[in-house]
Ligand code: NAP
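Encoded as structure tokens, the following chain is the form predicted on its own, with no partner shown.
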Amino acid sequence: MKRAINIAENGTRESARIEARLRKRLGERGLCVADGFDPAAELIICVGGDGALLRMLAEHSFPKQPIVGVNTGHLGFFQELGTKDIDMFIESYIAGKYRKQTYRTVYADIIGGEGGPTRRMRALNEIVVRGGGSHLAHLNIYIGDSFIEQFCGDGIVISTPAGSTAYNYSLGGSIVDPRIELLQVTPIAPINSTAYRSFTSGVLLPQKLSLAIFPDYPQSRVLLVAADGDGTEFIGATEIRVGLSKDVVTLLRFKDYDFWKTVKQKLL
């Protein structure tokens, strides 16, 4: 019985060409590419950019199988392999010459309001909480049981170490080595005045602490909550709880991979 592999690609012409090449090479080495998405497959190959990987995770409810990324997009921070690395990857995979790197995900529980019972969102990179429409977000923020601030501004980003190089970084947040388990809370256009006192820099939280957000609604009762860029509007939510999830995403890494080398190549 052949070992099954899933391939997910982002629909571009280049990604379709690489998928066809992968199917041919894998078949020649005795590996079977599943038609559709096989939940029992031993590996997922994601062809595209980082966005393709994030969409695949959400579409398939954060699958447990390890993932390897082939970059046909732009930045490709998660996508370790270039198109020239396909033969190396297949031979290394068959020989077991790789290591697994796990990334903790982040969850947000949205409680109360017109949406009914608690709704959970999950993300690999970040959860974003913003005001609905063009309205400011007024958020009472607690860390653990301690009240921290009454935030006023465009919103906040709660990122994992994996997401520290994404939206968080563009807001001036810190880059975090993925071997450190924490959450980073970074403000989006905070207002700091005699009327509002908001943090203007990021806050780092240890893995066991969760964040509780109690919205105020001086105007619109709409909040936008986004998980890895996929946003949903919630009307009248009374509380949002955010924390590190026990669920992990596993990526395969090969001999030349180094996080800080990748940071330098991609961001500097």
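Sequential numbering from 1, following the sequence displayed. Just so you know, these numbers come straight off a predicted model, no measurement behind them.
Omitted here: the form predicted in complex with the ligand. The next part is about that form.
*Asks:* Looking at Q150, T102, S170, S146, which has any heavy atom no more than 4.5 Å from the ligand in the predicted bound form?
*Replies:* Result of the distance check: S170.
*Asks:* Of these, I175, A189, L75, I94, which has a heavy atom no more than 4.5 Å from the ligand in the predicted bound form?
*Replies:* Result of the distance check: L75.
*Asks:* Would you mind picking out the stretch of 231-239, 47-55, 23-31, 204-212 that comes within 4.5 angstroms of the ligand in the predicted bound form, counting non-hydrogen atoms?
*Replies:* Answer to the contact question: 47-55.
*Asks:* Give a yes/no on whether A162 approaches the ligand to within 4.5 Å in the predicted bound form, heavy atoms considered.
*Replies:* A162: contacts the ligand in the predicted bound form.
*Asks:* Please run the contact check for A166 against the ligand in the predicted bound form: heavy atoms, 4.5 angstroms, yes or no?
*Replies:* Yes, A166 lies within 4.5 Å of the ligand in the predicted bound form.
*Asks:* What residues in 125-146 sit within 4.5 Å of the ligand in the predicted bound form, counting heavy atoms only?
*Replies:* In sequence order, N125, E126 come within 4.5 Å of the partner.
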